[in-house]
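Presented as structure tokens, the chain that follows is alone, the form predicted on its own.
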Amino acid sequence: MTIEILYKDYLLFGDEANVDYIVKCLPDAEISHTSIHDKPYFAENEPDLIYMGAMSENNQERAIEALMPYKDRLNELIEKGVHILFTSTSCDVLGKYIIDGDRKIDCLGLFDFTVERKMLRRFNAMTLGTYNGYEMMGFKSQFGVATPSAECNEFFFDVTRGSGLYKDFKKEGFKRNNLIATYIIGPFLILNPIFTKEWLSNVSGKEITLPFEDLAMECYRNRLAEFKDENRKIE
């Protein structure tokens, strides 16, 4: 199987840990690294998984420019059910446009949401929710806030505590077929081992065992208790 990592040299926060964890979980996979000036591997091939993670706002705009010629191909792969994961600020690339002061930055337009970027006001949040019957959690830190249209119904998971796409909105991220876009920063996959085990088993077509799986599950339960503690403010 082949995994394409887009713009690894741009990664921020703990999102590089997502890449490292994927590689450790799928040690037999062939990894294709795409730099900003490269033609994406997915343009002429069909990888089993495409990943892009957190990046600065300047690099976000470079990524939009680099991917724009391939937006139809990316949409084709989404419709075919290729597994794709965008995390943190890379999610903005999938929307219609970003408003940054008096600038309007056109994005790939694959999902029906817009982003307002305020560089003097960082949006930090903790999020607890449910997906496929189990609980998800994580942290956010971003200058842009996504607002879906009233017609948009392609969300990733339901929020039970904390902030979704924006404060008081109880949906987090976007999902269509096997594309998942979540604003949770890294190490998202390590924080959510139940999701990661299920997701990567689907990607690989066989049940996988996570590295140090028992310890990962114990840490997950402990962190989950912290997120659910009513005495801890998470919004």
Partner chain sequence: MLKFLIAFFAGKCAKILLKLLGKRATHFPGKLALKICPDFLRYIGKPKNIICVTGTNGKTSTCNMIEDCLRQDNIKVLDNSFGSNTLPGICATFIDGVNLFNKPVFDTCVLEVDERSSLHIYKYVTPTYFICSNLFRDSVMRNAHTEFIFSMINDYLPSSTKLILNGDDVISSRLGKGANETRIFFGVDKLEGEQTEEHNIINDGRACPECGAKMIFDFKRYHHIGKAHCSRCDMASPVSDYVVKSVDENAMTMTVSLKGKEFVFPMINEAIFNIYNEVSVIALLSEYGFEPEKIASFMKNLHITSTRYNETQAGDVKVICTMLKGYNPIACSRNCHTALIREGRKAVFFMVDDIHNEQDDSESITWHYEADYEVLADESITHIFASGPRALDVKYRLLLGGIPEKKITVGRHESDVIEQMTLENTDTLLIFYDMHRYDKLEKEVKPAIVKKFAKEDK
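What you see is a predicted model, and the numbers here were worked out from it, not measured in a lab. Numbering follows the first chain given and starts at 1.
Beyond the structure shown, there is the form predicted in complex with its partner chain, which is absent from this document and is the topic of what follows.
Checking 131, 155, 143, 97 against its partner chain in the predicted bound form, a heavy atom within 4.5 Å turns up for just one residue: 143. Contact annotation: of the candidates 126, 108, 105, 78, the single residue with a non-hydrogen atom within 4.5 angstroms of its partner chain in the predicted bound form is 126. Of the stretches 66-74, 36-44, 200-208, 165-173, only 36-44 has residues with a heavy atom within 4.5 Å of its partner chain in the predicted bound form. Contact check for residue 190: a non-hydrogen atom falls within 4.5 Å of its partner chain in the predicted bound form. Of the heavy atoms in residue 215, some are within 4.5 Å of its partner chain in the predicted bound form. The closest non-hydrogen atom of residue 219 lies within 4.5 Å of its partner chain in the predicted bound form.
Taking the partner from elsewhere, residue 177 is found to have every heavy atom lying beyond 4.5 Å of its partner chain in the predicted bound form. Judged against its partner chain in the predicted bound form with a 4.5 angstroms heavy atom cut-off, the residues 22, 28 and 85 are out of contact without exception. In sequence order, 9, 10, 11, 12, 13, 14, 16, 17, 21 are the residues of 2-22 having a heavy atom within 4.5 Å of its partner chain in the predicted bound form; the partner itself is omitted from this view.
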